[in-house]
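Read the single chain below, which is given as structure tokens and is the form predicted alone.
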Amino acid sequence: MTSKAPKFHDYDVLILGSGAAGLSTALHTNQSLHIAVLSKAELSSGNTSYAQGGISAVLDDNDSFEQHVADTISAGVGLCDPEVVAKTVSEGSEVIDWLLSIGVDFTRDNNPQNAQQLHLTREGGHTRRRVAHVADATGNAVQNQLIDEVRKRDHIDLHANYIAVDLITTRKLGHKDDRCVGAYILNIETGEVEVFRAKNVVLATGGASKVYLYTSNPDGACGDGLAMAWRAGCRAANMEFMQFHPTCLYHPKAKSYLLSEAIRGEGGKIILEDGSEFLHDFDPQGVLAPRDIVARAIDYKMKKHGLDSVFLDISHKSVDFIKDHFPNIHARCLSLGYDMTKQPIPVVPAAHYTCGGIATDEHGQTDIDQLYAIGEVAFTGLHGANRMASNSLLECLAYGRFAGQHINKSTNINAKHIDIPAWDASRVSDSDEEIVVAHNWDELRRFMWDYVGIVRSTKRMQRAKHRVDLLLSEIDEYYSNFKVTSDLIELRNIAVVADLIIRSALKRKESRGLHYTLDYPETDSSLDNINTILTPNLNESAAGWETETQLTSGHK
């Protein structure tokens, strides 16, 4: 039986990820460039579609750029880059105007005198109403409109059900320089690995919250871009800061369903079963405190009293108000037997957002030439030790523009594609032990939840480090002997990301923002503006698992 001839694809720009970050990058590139956007599932399967709250932007006379900057820096607990924050915040109104121009139908003010004004809500960490939204399904509306807009562009090709295996760099090919020139991509439908050559590669692959047992993220949030960039030689930063959203619906059939922070912004309370509130015991802002404080307070109460959940209650508001502001959440809860107009809804914290990522500059450029990282996969310096609500879509859309404009000006765009060998699967076989992948996947997510979750300790993290080292070795051997599958690719990637999280968390000997350790419960002011930077030692390990770790001021 003869094997199929390998497939090669040539593009000016290869974008891995079809969420807001990837699609906005594509839409801001010149129409003279041939662009591919790849999604490892359906085009709308990423995190963008799950974003309920909205996009933060200064759109009201009672607000200011300075206040938005101050709120973001306050939420970031001393680790935000002020220049990056200012640059990103200043893009807010332009981002909203651009989305309006392509047809995103933001919710308007219900006051007849202000009918043309956008309705702005308020979320945790914000001192003003500045979150523009489309009811309670902003991400879905933005995602669908971006897809519609991309489909109008003849120079952009969309490929669903393709998952990246690894990046291709000139260093890996034996050249003296280090540029990204494409990627090996598994066609999930055929099972064959194809070669995508590109003059610029953009990682817009999202975060890695599936490294934890309980998460608000879809199944694809496995840290693929993080792991690939790390193996290619890029630095990772602040991986200890994993955000846990305080309010995910607690129900066996409600997998990954998040209850928007806007519910609290519109008067929702977090209560115990007896109706008592408790968040003001932890922070003066109560339910509108930053997510790390709220999640930690809930975690504390649940563990102290042996609770399965706490409750989110907005039933004191009118039925019309709730249905008008939260139509999709109301319908989803109702389908599971909860009527939020009449009763509190059980909620628990769950892993939600990766605040660290691959280190980039102000254009989204990584340490490797021609390789960009946009959105949740990237560490720009915007979020610091804790991301403020609704700054994520703002970052995706702003940096999509920055990267697109930078690619348009790149000098390599007229260069020829270099020769890249086809994927070699001649020395591997089909696996007859898929149970190994499933078992390792389950074990990793459980010990990350137990040992490196909302509250940590040095002993717990050391246990996690010992286990992840064993898993990495086992996965590496498995990967070397069997044909790649999407499950194996995701397991390999999520194990690398788990290792980066543990390494970073062990290095930060203080509690700050999303990183809380029982051994160092206080924030160390001498570590203000000091980020955790991990650098691959590629001479030690082709996988990049041996690292030189340092605490560094700044991020560039």
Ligand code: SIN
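Because the structure is predicted, anything quoted here is derived from the model rather than measured. One-based numbering along the sequence shown.
Form predicted in complex with the ligand: not shown, discussed below.
Only one of T72, S260, Q370, N238 lies close to the ligand in the model of the complex, with a heavy atom inside 4.5 Å, and it is S260. Scanning T88, T380, N386, S390 against the ligand in the model of the complex with a 4.5 Å heavy atom cut-off leaves one residue, S390.
Residue heavy atoms within 4.5 Å of the ligand in the model of the complex occur in exactly one stretch of 306-314, 260-268, 149-157, 472-480, and that stretch is 260-268. Taking non-hydrogen atoms only, E123 approaches the ligand to within 4.5 angstroms in the model of the complex. The closest heavy atom approach of H352 to the ligand in the model of the complex falls within 4.5 Å. At the 4.5 Å threshold, heavy atoms of R291 reach the ligand in the model of the complex. Using a 4.5 angstroms threshold between heavy atoms, H245 counts as touching the ligand in the model of the complex. Contact residues in stretch 39-78 (any heavy atom within 4.5 Å of the ligand, taken in the model of the complex) are Q52, G53.
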